[in-house]
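Next up is one chain by itself, shown in structure tokens, the form predicted alone.
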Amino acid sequence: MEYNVRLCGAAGQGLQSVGKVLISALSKTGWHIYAHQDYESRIRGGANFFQIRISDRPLTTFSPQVDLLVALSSESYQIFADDLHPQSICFHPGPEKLNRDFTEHIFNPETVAQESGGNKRMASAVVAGLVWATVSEDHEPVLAELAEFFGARDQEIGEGNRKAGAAGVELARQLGIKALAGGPRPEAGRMVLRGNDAVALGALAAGVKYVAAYPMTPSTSITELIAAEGKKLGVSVEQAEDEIAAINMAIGAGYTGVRAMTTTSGGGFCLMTEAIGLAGSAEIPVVVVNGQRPGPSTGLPTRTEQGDLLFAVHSGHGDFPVAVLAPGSIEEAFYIMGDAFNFAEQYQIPVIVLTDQYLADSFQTLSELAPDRIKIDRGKLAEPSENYKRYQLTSDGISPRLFPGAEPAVVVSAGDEHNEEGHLIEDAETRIAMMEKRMNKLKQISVLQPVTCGETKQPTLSLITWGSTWGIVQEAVQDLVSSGVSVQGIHLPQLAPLPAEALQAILSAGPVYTVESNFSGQLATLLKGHGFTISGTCSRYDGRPLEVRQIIEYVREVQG
């Protein structure tokens, strides 16, 4: 069973509040959800939407189908009415009906809210009640959620919203709208999590103690959550004056032995690259989360794209080791932060975590997370000694770390080329020794193994993807296999160093295609550079996430 609800309207009309109330109540009553936000780069106005996919089975992506459209503005109603099908129901503010091939009702939630004893600012609660009435006959879960959500600071406001929600339910009943038949049972240990929240909570579970960042969509809410929740864990958060300052602050913290990170998006990541080279040369651990959005320049600042892959892999001038990770789901976004911090400290390198707006602003029902699965490994640490050498040559290229101030040792680090003691050099012999020492780390870095789905025993076709597109590929592969296509899906959570041997081991003799949200096929380029033969790329680059149907159509087309 599947049911898709789209709430649309102008920025500032409370779409997020309605959406959060609904997905929380739905999850608590046993439904699985995947919610996706689409919004314009403006504070007020425009045509935004919050789409909730509801099912009695686990979901890994959104659906563009719309079974119920609730429009809070005439503009959004006009825009999104084209997405409705004959069985769809639409609520909108008018001024008149479109008389298209679907059921439509003109309504004004502000009026309903006022007539129910509240005020027009409680229109969001009316919408929540109205939507809920199309899903379940039991209204109490959403009414309780409204009272809790809006009454967190003022119980009277909470009760007013509860009444407004009940009025929304009654409106649906008066129109004869029936709720979905059946439904799942509540399950213990279920939660709804947003992508950026998963990144932030994963960082906290991994022991981050310092975050410096300059706000930039879509990464800002990572820092905001850590600032709110990290106080209890002794985490310091600094809003820097710009991205250059942010990453240098994080590197400074890492130099002193503190687990540190910064967050940004593509434009800010550009500014950080010189400092990433510094971290590589001086062998200072730092984690950089790049929430990708379309570029170049400011591009489409509130939309999604996977356009920074090759930039991240080659982020800096000269040769130095760097690791690039990319979670393929909201759940993986939580756990991969543990790997990111461990890699950074074990190998004393910059680690870049690539997410994107689609993952950052999506919500998903998940089983309870297990923070204990994240094991903190701070790497090789040295005992203070007068003979300490910060860049001691070792067989694995990793010199034991010692934090400044550990007497009687003197810790000397440098971005210029240096010798074992950290002093600047110019001679060729030491330069070669230090370059080989740093680059030797690439042979040591642990590998996050590729993840597969679908037909894994000699499939005739393989789809390789990375990042948030994985959930979409999973559902496309599931549908293709059900229709008799022998296809496997492969997700690469680690893109640098590329796990080439592990990937080669799971590929069959059939053609290989990449699935990614960028123009040039950056994953295909990366794989070709490692000797893989790529037959083509299924891509999207209009600022919207790929859809399951696009992947299926692509596979049908290449199969002839």
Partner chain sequence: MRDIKEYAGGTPAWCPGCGDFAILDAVKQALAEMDISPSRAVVVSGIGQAGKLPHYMRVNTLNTLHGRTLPTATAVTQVNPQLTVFAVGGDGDGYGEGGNHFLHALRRNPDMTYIVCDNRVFGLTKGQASPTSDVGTLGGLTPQGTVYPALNPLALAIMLEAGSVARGFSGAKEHLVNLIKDAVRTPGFSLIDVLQPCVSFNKVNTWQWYRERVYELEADYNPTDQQQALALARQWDEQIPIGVLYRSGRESSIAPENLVSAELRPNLEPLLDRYRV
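Numbering follows the first chain given and starts at 1. These numbers were taken from a predicted model, which means no experiment stands behind them.
Unshown form predicted in complex with the partner chain; subsequent notes refer to it.
Residues of just one listed stretch (119 to 127, 429 to 437, 70 to 78, 250 to 258) have heavy atoms within 4.5 Å of the partner chain in the predicted complex: 250 to 258. Residues Pro493, Pro497 and Gly529 are none of them found to lie within 4.5 Å of the partner chain in the predicted complex, as judged by heavy atom distances. Val412 is the sole member of Val412, Leu180, Leu300, Ile89 with a non-hydrogen atom lying within 4.5 angstroms of the partner chain in the predicted complex. Glu241 is the sole member of Glu241, Asp319, Glu383, Asp101 with a non-hydrogen atom within 4.5 Å of the partner chain in the predicted complex. For Asp372, a non-hydrogen atom is located within 4.5 Å of the partner chain in the predicted complex, even though that partner is not displayed. The partner chain is not shown here, and in the predicted complex it never comes within 4.5 Å of any heavy atom of Ile157.
When the partner chain is considered in the predicted complex, Ser24 lines it closely, a heavy atom lying within 4.5 Å.
Interface membership of Glu331, defined by any non-hydrogen atom within 4.5 Å of the partner chain in the predicted complex, is ruled out.
For the partner-free chain shown, Glu274, Ala275, Leu278, Ile284 of 264 to 297 come within 4.5 angstroms of the partner chain in the predicted complex, judged by any non-hydrogen atom.
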